[in-house]
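The chain below stands alone and is given as structure tokens, in the form predicted on its own.
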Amino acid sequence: MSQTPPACKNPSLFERLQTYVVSTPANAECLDRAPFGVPIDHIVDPLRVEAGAFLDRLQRLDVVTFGPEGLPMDKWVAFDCAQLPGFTYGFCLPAAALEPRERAAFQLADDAEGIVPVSTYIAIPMFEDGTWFGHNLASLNRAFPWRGLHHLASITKAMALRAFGCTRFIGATQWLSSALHIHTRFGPLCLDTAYTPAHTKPETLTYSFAVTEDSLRAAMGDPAVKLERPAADLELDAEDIAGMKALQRDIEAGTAYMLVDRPRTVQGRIVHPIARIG
């Protein structure tokens, strides 16, 4: 990419990588084709047979990132729930630019062509105008440490939300998830649930935040942006199910809570700073 990258923690990503979106032609008309001035290099149409190789590589990205114990997604789930109704955004490299060990991780032949994803963000539009639900975030930062892909996940999510035209974001993850430190870079997160039996993993929180210029730039690491964060009233141990249930009872009774910052480790335990709002 030759354009000036947005201010962020790792501007070299924009020089070394390309960008892609998976989108139907009709949905692509709604995209911001140059979020933060960065043009989208590739638009992959999931309705075309030729997209198959890249979509297989997207599925493989989950295994390379999280391992077999991650959150494997059947291809029909990605197609039905993300590629048709919404978008997938990420960074990629030409297959020819991959090292042998990287090709092996993706199970690519030596003569493989096309692009290979190094990050992905999937979001699904909700009924409320401008509101999107975050479905999956992955990057090869930890899997390929020699690539210097630090901050790729948070930059990918911020770029995606701008490209999708998101004004309000909703997400769901587990209190023990290492991704929470990424999500809190966007600012304080309103808690819609603290304990969620509707989910396969009840120790799940549902959160939301208003998507603003500052929230996106802060998440990317723009040093000129400083977000206000309320002081915490309590800390929740990430394994304290009774505490999660107590927060959930309060939320259902009308008390508003906010996860105000990233988790920290106290005596080997992960704890989350939470503020009572109003």
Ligand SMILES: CC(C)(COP(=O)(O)OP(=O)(O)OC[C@H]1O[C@@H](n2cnc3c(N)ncnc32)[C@H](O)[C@@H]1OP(=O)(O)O)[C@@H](O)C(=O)NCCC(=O)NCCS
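The first residue of the sequence shown is number 1, and the count goes up from there. Given the structure is predicted, the values throughout are model-derived calculations rather than measurements.
Keep in mind the form predicted in complex with the named molecule is missing from the figure; the text below concerns it.
Of the listed positions (Ala179, Ala112, Met126, Leu84), a single one reaches within 4.5 angstroms of the named molecule by any non-hydrogen atom in the model of the complex, namely Ala179. Here is the short version: of Ala138, Ala194, Met159, Val116, the single residue with a heavy atom within 4.5 Å of the named molecule in the model of the complex is Ala138.
Screening 249-257, 233-241, 38-46, 58-66 for residues having heavy atoms within 4.5 Å of the named molecule in the model of the complex returns a single hit, 58-66. At least one heavy atom of Arg262 is located within 4.5 Å of the named molecule in the model of the complex. Mapping the unseen interface onto this chain, Ala153 counts among the residues with a heavy atom inside 4.5 Å of the named molecule in the model of the complex.
Although the partner is absent here, Arg147 is not a contact residue: none of its heavy atoms lies within 4.5 angstroms of the named molecule in the model of the complex. In the model of the complex, the named molecule sits within 4.5 Å of a heavy atom of Arg142.
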